[in-house]
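The form predicted on its own is given below as one chain in structure tokens.
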């Protein structure tokens, strides 16, 4: 059975998500649709890129991932179809798919131009319904990717926050804030090993964020006392800052893009 996932910034108040599903089912009534998220912050391309790049690998190969975070809808940005890491991705060429593109050196990116696979009337404000949904549906029926357009190599690459590191420190930033206020950084567990070897344990590092120093890494959330900030390796395998039974982003007054610094203890 074909599988299509949806990731958008549409929310659930409006009928947009339902309309897209209706278009898909009208073309392929046997397809299965899974909602990854419709709570992406409005027009936040980086957040959309993060969510799909950390989610797609939990689905079977061959899954079609429809990713609509599209502030440039109706303008000059192109619709693209991406084949990467055994999956298909559809979305606007604005960088929202650039992380999944970068993850596969054998990636193929196709500009979607075959209008016979669009709805007959295309709105300038809702390409998710009129272009992306029907193309994804036709793809799920077995239409070959090359039928939708031509391969391109000048696709948009999103600027991704980088980390810096020295012998005794790592500096990164907050990438994503979940609904609990937990802050996911761009510092991976693998990079943290840079500070914890040889012979340096997780308890011997200090994390500074929002002017607050957090000692060491916790193994699980409840290892901190209620209201206390802590640091942990998240399910994304990235450094996460949290407040046990509290909202870390609000309590620490930290937002996306803010600096997170990790050092060996007594190295300031």
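No experiment lies behind these values; they were computed from the predicted model shown. Positions refer to the first chain, counted from 1.
Just so you know, the form predicted together with a further copy of the same chain exists too; it's not on screen, but the next bit is about it.
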| property | result |
| --- | --- |
| a further copy of the same chain contact in the model of the complex: residue 245, any heavy atom under 4.5 Å | yes |
| 4.5 Å heavy atom contact, residue 233 and a further copy of the same chain in the model of the complex | yes |
| 4.5 Å heavy atom contact, residue 35 and a further copy of the same chain in the model of the complex | yes |
| Exercise: residue 75 in contact with a further copy of the same chain in the model of the complex, heavy atom 4.5 Å | yes |
| Contact residue in the model of the complex, chosen from 114, 119, 143, 107 - any heavy atom within 4.5 Å of a further copy of the same chain | 119 |
| Stretch 13-29: residues contacting a further copy of the same chain in the model of the complex, 4.5 Å heavy atom cut-off | 13, 14, 15, 16, 18, 19, 21, 22, 23, 25, 26, 29 |
